[in-house]
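Okay, so we've got a single protein chain in two different forms coming up as C-alpha cells, structure 1 first and structure 2 after it.
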Structure 1
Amino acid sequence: MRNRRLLAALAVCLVALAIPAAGSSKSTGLPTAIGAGEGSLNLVAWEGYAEDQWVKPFTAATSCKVNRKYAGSSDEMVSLMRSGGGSQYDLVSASGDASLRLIYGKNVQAVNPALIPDFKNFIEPLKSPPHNTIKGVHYGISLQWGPNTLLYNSAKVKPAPTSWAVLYDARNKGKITVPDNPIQIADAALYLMATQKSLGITDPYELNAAQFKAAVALLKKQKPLVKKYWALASDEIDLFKNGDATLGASWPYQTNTLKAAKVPVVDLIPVEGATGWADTWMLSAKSKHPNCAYKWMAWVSTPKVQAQQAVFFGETPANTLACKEMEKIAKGSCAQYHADAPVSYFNQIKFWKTPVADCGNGKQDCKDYSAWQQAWTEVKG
C-alpha cells in the first residue's frame, strides 16, 4: 500500500512536469496516459498465454495486431528479450525466476500501474511483489500464479504423503521425478528450512554459502532416487501415465491433464509449504509499441480475460474479480484453482525469484543465479 501511495505521489509530480508534453514522457519517467496504438504488438509468452479467444477481441478493440513468440523456458525468455538489441519484442510474460534478471540486465522498463484500471482489484500480495517491484518501482503487471505441488499416484503410493520428505526417502528409489531447473534448489532449501532449523534459512532464494551447500548436498543425495528430471510438463505426464514415476514435484496443469486421462493422481501443498511461480507482463526497455503494450496489459488484467486464461492454462488469476467469470466458463474452477482462497493460502507459497548476490542484509554473501546453475549441472552430473 505504502508503495502505491508513494507512486501515486510520484505520478502527480510527473503529471505536473509533463503538462506541456502531455501523454507519455518517456525520457523523464513513466507515461501518464496511454496514447494511440501503434498498430502492432510483439509478445514473448508462455504457450497458452496469448490464445485467440482473447487476442482476437483485443485486436478488434484496439487495432493492435498481435505477433506471438512462444518460449519454452524462463531462460529462453531472457535470451529472446536480450536478442537483437532488445527491440524485437514489446512484452514478455516472465516468471519470477527470470524477472529480476531482466530488471538488473536493464532489458525491461518501469511501468505505471495507474494506467491499468484493474490493478486495484489484484490480490494484495501481487501488487508489489519482490519479483517485479524494486524499491517501489513497478517493472511489470502481475498476471497469474500457481504453486509447485507434490503430485502422487494415489493407487500406488500409500499412505498418502503429507510432507516433501517422500521425495528424499530412499524407499521411493526410482519412482520420483522432479523438474530439471536450477530453481529446484529452492525446493530443497524450503524443505531444509522446515527440517533443519539450525541452518537459519529464512528465504529459499537467499542462501549463503553454508545454506547453499546443504541444499545442494540434499539434492545430490536425492539424485539416485530420481527416475528422471523432467524438462517439459509433457515429460512428467508421460512418466506418470506409463508408470515410470509415482511421486513428483509438479504444477496443477499436469494434475488436470493426468486426471482427464483417468490416471489416479492427487496433488497437495505439503506441510512445509511450497514454492510457486507468479508471472508478470514486462515491457521491453526498447519497446517500439509501448501504447499497444499498455493496452494489452490492461486487457489481460480484466476479470474476463483473467478467467479465460486461468481456466485454459490451469492457474490462478491475480485479479480477485475473476472468480465469478471462471465459474461461468467452468463450474467449480474458481475453488479448484484457489482463486477465492484468502491471502493466508497465498502466504504458504514462496514465489520464485531470481537469486542474486545481494540478500538485502547489506552483505553480498548470497549465491547468485550463475552459482545455482553451475550447482544444478553438478547435481545432474
Structure 2
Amino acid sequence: MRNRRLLAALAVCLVALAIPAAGSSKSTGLPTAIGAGEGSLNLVAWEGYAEDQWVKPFTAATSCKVNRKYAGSSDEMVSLMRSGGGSQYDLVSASGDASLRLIYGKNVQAVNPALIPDFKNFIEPLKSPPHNTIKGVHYGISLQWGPNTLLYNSAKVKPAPTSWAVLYDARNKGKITVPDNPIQIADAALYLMATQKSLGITDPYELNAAQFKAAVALLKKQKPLVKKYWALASDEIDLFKNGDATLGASWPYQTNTLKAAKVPVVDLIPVEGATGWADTWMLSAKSKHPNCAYKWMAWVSTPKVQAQQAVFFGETPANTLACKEMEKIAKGSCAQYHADAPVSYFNQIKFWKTPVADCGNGKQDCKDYSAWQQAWTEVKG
C-alpha cells in the first residue's frame, strides 16, 4: 500500500465523535456534515472496485488521494481491517459474509446515510439490509450486488453446461477452479438443496451437523478435480487465459475481463440457482480520514459512478437511477445486469451472510463460521 499521510487536526476532532455500540438503537453522535478532506483515503477493496476511471475524478474533485489494497476474500478483508490496531485503512468494500463480523467485532463504526445524497435512490432492500443495518443503525452504505456464476470456455466445454454438477464431475478433473474461500461451502449446500432434498436444506448458510457434513463431503470429493483454488479474481483470469482451467465458479468481472482479452468464455446462473454478494462500504472504527471516506461513499453512490463500476465489473448498482447511465456506457447493460429488474429478482439470490449457530428456527444447532473455516482447511488438505 502506498504511504499514508498524517492525520489533519480536523480529522482528529471528527474521529472523536461518539460511535454507538453494535446493536444500539440510537444513532446519536453521528456527524451531521462532511468536513474538509484530509488529503488521503486508504481502501480495502475487491479488484475492480477502485478503478482509475472514477478514482482520478474523485481525487481531482476532493483532493483525497486514494490508496488501494485489493483483497481476495472476505477473511482477508476482516484481517486487514483489524491489522495495525484497526487504523491502517479507512473503508472496506465488505460483502455480507464479512460485514457482521466487522460490526460485532467493533471494527467499523455507524454512519449517517443522510450525508449520502443518492441514498434515497437506492433499491429498497439495500437501504437497510440485515447485513449492514442493526436495529436501525447503519454500519455502512450499500454499493453493488450480483450473483456468483458458473464460468466456462465455450470452445472447449461441450455441451454447454446448465448445472453446477460439472464442478463435481470427475470427467472434468484438472479443468476446474473455484474460490479459496470458506463461504464456498454455501455453494455446495445450494447444489445439495436442489439435488438432495432429503437433507432438508432451506438456507445454504444455516446448516445443521448433518447438512454441513454432506456439503463438506461434496467439497472433499471435488478437491482432486480442482486445478487451483483462486484467491484473487486475477488468478482465475490467468488460469482461463493460459488454458489451465476451462470451468470455474466465478464473478461477472472475470467474464468481462476475459472477453476483452478475446478468450471465448460464457457465464450463467445454473438451474439450481446461485449464491451472491451484496457489498457495503464500511467505515473503520478508527479511521484517520473520515471526511474523505464520507466523500468517497457519496461519490461512488452517484448514478454515473455506480454505472461505471457496474459495467466494468459486471454487477448491479444499488442506485436505481444508474440504469440510464449504464446505457450510455454500454447499450443493453442495464437489462444485462438486471438493473431494471423487479425486487423479486434480487430476492431469489442467496446472498452471502456470516453463518452463526442460530438456525433461525429457534434452534442453536447450526454450524458457525469458525466451523466453516476449520472445515475449509480440511477440504483443501
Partner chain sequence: MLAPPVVWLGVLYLAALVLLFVAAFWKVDSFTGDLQHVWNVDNFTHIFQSSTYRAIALRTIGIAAAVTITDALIALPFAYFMARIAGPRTRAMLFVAVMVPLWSSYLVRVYAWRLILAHDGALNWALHGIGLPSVSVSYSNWAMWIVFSYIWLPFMILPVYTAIERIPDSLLEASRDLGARGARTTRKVVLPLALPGVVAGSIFTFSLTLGDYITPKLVGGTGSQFIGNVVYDSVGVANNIPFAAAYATVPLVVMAAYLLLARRSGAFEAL
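Treat the numbers as computed from the prediction; the structure is a model and nothing was measured. Residue numbering: structure 1 sequence, from 1.
- Structures 1 and 2, same chain in two forms; the form predicted on its own is found in structure 2.
- In the motion between structures 1 and 2, where one rigid part swings relative to another, the hinge among K304, C64, I123, W277 is W277.
- A two-part rigid-body description fits the chain between structures 1 and 2; in it the smaller part is rotated by 19 degrees against the larger.
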